[in-house]
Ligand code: C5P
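First, one chain by itself in structure tokens, the form predicted alone.
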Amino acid sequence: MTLAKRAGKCAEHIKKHHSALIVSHIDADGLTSAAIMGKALERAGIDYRIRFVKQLDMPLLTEIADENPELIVFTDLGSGMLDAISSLKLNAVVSDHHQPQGVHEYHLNPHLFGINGAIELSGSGAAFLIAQELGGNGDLAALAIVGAVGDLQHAKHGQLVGMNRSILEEGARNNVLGYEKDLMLFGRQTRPIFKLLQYSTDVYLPGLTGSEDASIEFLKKIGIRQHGEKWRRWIDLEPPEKQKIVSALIQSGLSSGLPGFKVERLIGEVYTLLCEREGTEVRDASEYATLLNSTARYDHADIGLAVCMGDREKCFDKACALLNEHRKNLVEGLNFVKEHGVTRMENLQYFDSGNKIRETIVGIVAGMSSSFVNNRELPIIAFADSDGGVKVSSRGNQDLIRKGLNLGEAISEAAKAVGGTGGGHDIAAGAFIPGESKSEFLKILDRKIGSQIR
């Protein structure tokens, strides 16, 4: 069976029902997955409601089973809990892209077909494939690309590849998406250009990230001036001005000597949502994804979902306010890691943020910190306090993947050994573990990663 046929099988099962509960993850990929599925069900005349969760575990699945919904559609999660879903006899469709554990009849996952769920198809992309089979939903490709970009599926190659590429091209055919090479810093559509540099965290700009004064001075030094009282945005600049800034950033980054600075992280393919108003946070896929992360990761998934569903007034304004707070928290998180450093073990490096970094963004901070930690040859493990335990997030890189690193497997096994749950991708994974088990967890994880990369 092909991926498309499996999507069709899942869609046919959904069509047999009058109502469904959609259960989805709380990041940008999860929000867009839920929105895609919700819109597709609505268009198919099927009633639905949506529930967002941080992570699936047995108590949560039991709670869902007790509600006895006619049909459950899991989006951007569920593949790691297939045996539990089966044991509870849940009538479910699982649409996910994380590494699967177990089997389920109505399960759409790229890994089952030799497709890499970390870079070739996101959770929202899987949801989109089912939506297409439900009929006439090509316009929802725009949300699928926002989810993929939010999941950083374009990062390895500087552009979307695999099934993501096919979805992008479908969006272009439906006149909802455009794409081109450009600066990949967050805020091209909305931020004054000095803010682009000051709040650049995905690419850490030495001497500029976190400093407004230094960012303004950098621009003035290369002859980029404000117009009257206001600084222009990236989309307002002329091509020669853009080239001047890019060249100076490359020169500055390379001369800094930071091991994590790479030119290809500055320049790559960017994705524009053509139906959205220019200069807004939802015009650019990266800004849109970050806007969504700033809602669900702060317990306001309903606001992010409303934006995905088309709200451009009240909920959109609330989301923008949350976004400002989110970016500040990320900068503060990065500063925490810079000040406290990381602890090195034989096969990994880690930091424990305690209650200083919110559990829902510690994984983002871990990924961003890879641009300035000294050792790129070890994956980064991050801890943050969570209700009833500890949240673990981990990030690797492509060099480590080539050596055999699979964080999804290692984290899952180490978490299980200490009474927790976990899983994810080869390059990024997460877990929840008991608070007192951190040391034991690290020892087990260090051994497992060592056995993989040797």
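Please read these numbers as outputs of a predicted model, since none were measured by experiment. Position 1 is the first residue in the sequence shown; the rest follow in order.
There is also a form predicted together with cytidine-5'-monophosphate (C5P); it is not shown, and the following applies to it.
K.L.:
Quick one: find which of 184 to 192, 270 to 278, 150 to 158, 320 to 328 has residues within 4.5 Å of cytidine-5'-monophosphate (C5P) in the model of the complex by heavy atom distance.
P.N.:
Among the candidates, contact is made by 150 to 158.
K.L.:
Does the 4.5 Å heavy atom contact test between Leu41 and cytidine-5'-monophosphate (C5P) in the model of the complex come out positive?
P.N.:
So Leu41 does not count as contacting cytidine-5'-monophosphate (C5P).
K.L.:
Indicate whether cytidine-5'-monophosphate (C5P) has at least one heavy atom within 4.5 Å of a heavy atom of Arg283 in the model of the complex.
P.N.:
No, no contact at 4.5 Å.
K.L.:
Closest heavy atom of Ala306 to cytidine-5'-monophosphate (C5P) in the model of the complex, within 4.5 Å or not?
P.N.:
No, Ala306 is distant from the partner.
K.L.:
Can you tell me if Val337 lies within 4.5 angstroms of cytidine-5'-monophosphate (C5P) in the model of the complex, counting non-hydrogen atoms only?
P.N.:
Contact with cytidine-5'-monophosphate (C5P), no.
K.L.:
If the cut-off is 4.5 angstroms on heavy atoms, which of these, Leu249, Ala118, Val342, Ile224, is the one near cytidine-5'-monophosphate (C5P) in the model of the complex?
P.N.:
Contact check passes for Ala118.
K.L.:
Could you run down 422 to 454 and flag each residue that has a heavy atom within 4.5 Å of cytidine-5'-monophosphate (C5P) in the model of the complex?
P.N.:
Gly422, Gly423, Gly424, His425, Ile427, Ala428, Ala429, Gly430, Ala431, Phe432 sit within 4.5 Å of the partner.
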